[in-house]
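Shown next as structure tokens: one chain only, the form predicted on its own.
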């Protein structure tokens, strides 16, 4: 298969058929916590896209050009987390300078991108699936966009639910988890179209 076509297929599959959040259930903690407001979801989602795409590319380079030649593949977990943490720190400083309102709204969840298992999962999946450099970047970008779409959809639904009558037993986390399950089922409708 052509490398460019494979990269495009991986990109769309990461958004829809293999959505990192709704099919692998990675990154649920920040998804459930931040999706109360559209503005904070937009900011965090954009930061996750940027961090996921960038760190998948950086971790590919580190893994293939540093760890493999030195025979240190076993250290990939630690090294990937260090790269992600350093990059998130950079993003946090930029957001603080650009928009103090967004920085304050994201609060503790911005530094928690470092431990967002979806970001580490993307780096580990690219190694397990033996993606090339372009494929790794496209997988990271697609996974970030897929996570972004899921959190924005949830934020929109939760905004609408503020005006709806929800049964007492389902208020809060209960209805959020039910909606997340229905969203996962909706994304499963894309299964079989593109799979990587």
Partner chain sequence: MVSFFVSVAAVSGLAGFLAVLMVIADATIANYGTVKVTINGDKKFDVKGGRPLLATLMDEGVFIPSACGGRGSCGLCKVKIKDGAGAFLPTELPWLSDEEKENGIRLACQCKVKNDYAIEIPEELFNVKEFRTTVLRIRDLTHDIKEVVFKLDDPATMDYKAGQFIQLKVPEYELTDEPVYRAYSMASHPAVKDQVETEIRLVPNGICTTYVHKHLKEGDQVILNGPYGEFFLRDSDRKVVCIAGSSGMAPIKSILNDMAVRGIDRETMYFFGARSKRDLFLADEMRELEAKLPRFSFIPALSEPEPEDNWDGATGLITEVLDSYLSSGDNVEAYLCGSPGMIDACINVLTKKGVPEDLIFYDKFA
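Note that the structure is a prediction, hence the values are computed from the model and not measured. Positions refer to the first chain, counted from 1.
Beyond the structure shown, there is the form predicted together with the partner chain, which is absent from this document and is the topic of what follows.
- For the chain shown alone, residue 68 is not a contact residue for the partner chain in the predicted bound form, no non-hydrogen atom being within 4.5 angstroms.
- Contact check for residue 120: no non-hydrogen atom falls within 4.5 Å of the partner chain in the predicted bound form.
- Looking at residue 115, you'd find every heavy atom of it more than 4.5 angstroms from the partner chain in the predicted bound form.
- Although the partner is absent here, residue 124 is not a contact residue: none of its heavy atoms lies within 4.5 angstroms of the partner chain in the predicted bound form.
- Along 66 to 95, a non-hydrogen atom within 4.5 Å of the partner chain in the predicted bound form is carried by 70, 72, 75, 79, 82, 83, 86, 89, 90, 93, 94, in order along the sequence.
- In summary, the C-alpha positions of residue 46 and residue 108 converge in the predicted bound form, ending up at least 3 angstroms nearer each other than in this conformation.
- Pairwise change in the predicted bound form: residue 105 and residue 55 C-alpha atoms lie closer than in the shown form, at least 3 Å.
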